[in-house]
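Coming up is one lone chain in structure tokens, specifically the form predicted alone.
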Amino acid sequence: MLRRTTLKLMATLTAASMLPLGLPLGALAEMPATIDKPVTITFYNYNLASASAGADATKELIAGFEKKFPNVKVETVAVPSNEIINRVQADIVAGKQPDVAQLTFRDLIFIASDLGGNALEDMVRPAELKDHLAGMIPKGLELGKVEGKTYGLAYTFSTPVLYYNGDLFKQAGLDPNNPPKTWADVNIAGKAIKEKTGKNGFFPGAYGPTDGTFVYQAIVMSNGGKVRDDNKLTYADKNAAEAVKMLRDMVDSGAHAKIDPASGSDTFAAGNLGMFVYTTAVLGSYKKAAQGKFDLRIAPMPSFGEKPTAPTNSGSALFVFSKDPAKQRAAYELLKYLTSKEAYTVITSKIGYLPLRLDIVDDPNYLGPWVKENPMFRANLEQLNRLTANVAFPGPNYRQVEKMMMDSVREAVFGKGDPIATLKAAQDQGQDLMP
């Protein structure tokens, strides 16, 4: 990762070069109310870099925006999700200021403090911003805020759900109409699937290089744990460590598959895994994979006994980096379009992400017909009332701290040593990198 001071300097210099003469450094020029002249903006997007339904749906959305705003040309930059923050950083240093970027919430603090992202409250008149945000899920909007200001406008996100293969359930003597509700249930079902079908029982999308930490954090927080408390790392503390030990116990029991951590999604899509906890962002792809091959089902994520689950958010927010007022207006109009009722109808029905405007769910003009045909999606909607923020790490070493945590989780779950001691050793080392 590039040095923090370098990034701050480049973001500042880039911002200064775009400001009209006489405007104080650090301030944003007032953007015009309309787009009266042709303007081109760049849009860094990771859905476009995927081989899933997300790419086609995103192209459809951008085409719709350009049709509505013929004066705006959107030049897209497709970058995989695990590489896009580095690409944005590199281009800022190279003097190629992005206008809009789809970035994950894990980078939120860094974007606000070091990369020069614009707070919407500094860029948009209050009444106009309030008008657009009306009707969006408040908990979703809170996820993109730093110190009370909106740097990331929640765009595509989901919560972890339990995908399961109804056919494997039947073959294992399980009732697919009564999916596991607790982790104890998952352990029983996973062992039955492994023993009676020879297929893998259970796996969470919590360990792979592209998974982020949202599934892992959801499991930890559902047991009352946290990964950090302010600047103190806490993922080896009692409740968090016990959640990881629960996964290790399932590995030892045979219920939890021992497969390549990056292969869980493909294994489930191929029909070789009974249960998989992951984002509904891949629902569209799984539906295609399962069609004519196996009975795809969805249930809410399992709980620790009677404890309420704490589903965290996966997915992304939209960030504006433009300093030029005309580009700011075009960028903000793109944000508005991509978070409109029309856009969420496309995003939910064609990709599988949550609609952040719940008034369209049963509206016959928007998602109503699709939700009727896909009632399984309500498992994801139901979890919104317990939505819990996926915690980002602060400071210039935030990615290193996160990597050390996830390396220790994989070692704790799949290794032979004491899982809690493994987490504690990594936490002690990681604490030295915290601000």
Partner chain sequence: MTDIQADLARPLTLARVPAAARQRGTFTVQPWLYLAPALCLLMMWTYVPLVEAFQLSFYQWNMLPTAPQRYVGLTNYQRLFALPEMRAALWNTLFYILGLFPMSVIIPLFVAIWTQDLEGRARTIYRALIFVPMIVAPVVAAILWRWLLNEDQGLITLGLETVGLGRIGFLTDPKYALATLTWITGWKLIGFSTLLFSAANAGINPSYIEAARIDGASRWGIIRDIRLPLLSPTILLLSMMTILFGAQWSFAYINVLTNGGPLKSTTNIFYLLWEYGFQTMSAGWSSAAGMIAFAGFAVIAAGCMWLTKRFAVYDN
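Remember, predicted model here, so these are calculated numbers, not experimental data. Numbering follows the first chain given and starts at 1.
One more form of this protein exists, namely the form predicted in complex with its partner chain; it is left out here, but the text below deals with it.
- Site residues 260, 400 and 414 are all in contact with its partner chain in the predicted bound form, judged by any heavy atom within 4.5 Å.
- The single contact residue among 339, 104, 89, 223, judged by any heavy atom lying within 4.5 Å of its partner chain in the predicted bound form, is 89.
- Only one of 81, 76, 272, 71 comes within 4.5 Å of its partner chain in the predicted bound form through a heavy atom, and that residue is 272.
- Proximity of residue 110 to its partner chain in the predicted bound form: non-hydrogen atoms within 4.5 Å are present.
- Interface membership of residue 407, defined by any non-hydrogen atom within 4.5 Å of its partner chain in the predicted bound form, is confirmed.
- A residue is said to contact a partner when one of its heavy atoms sits within 4.5 Å of a partner heavy atom; residue 148 fails this definition for its partner chain in the predicted bound form, lying far away.
- The closest non-hydrogen atom of residue 396 lies within 4.5 Å of its partner chain in the predicted bound form.
- Segments offered: 162 to 170, 129 to 137, 252 to 260, 178 to 186. Contacting its partner chain in the predicted bound form at heavy atom distances within 4.5 Å is 252 to 260.
- Using a 4.5 Å cut-off on any heavy atom, the one residue of 166 to 202 that reaches its partner chain in the predicted bound form is 200.
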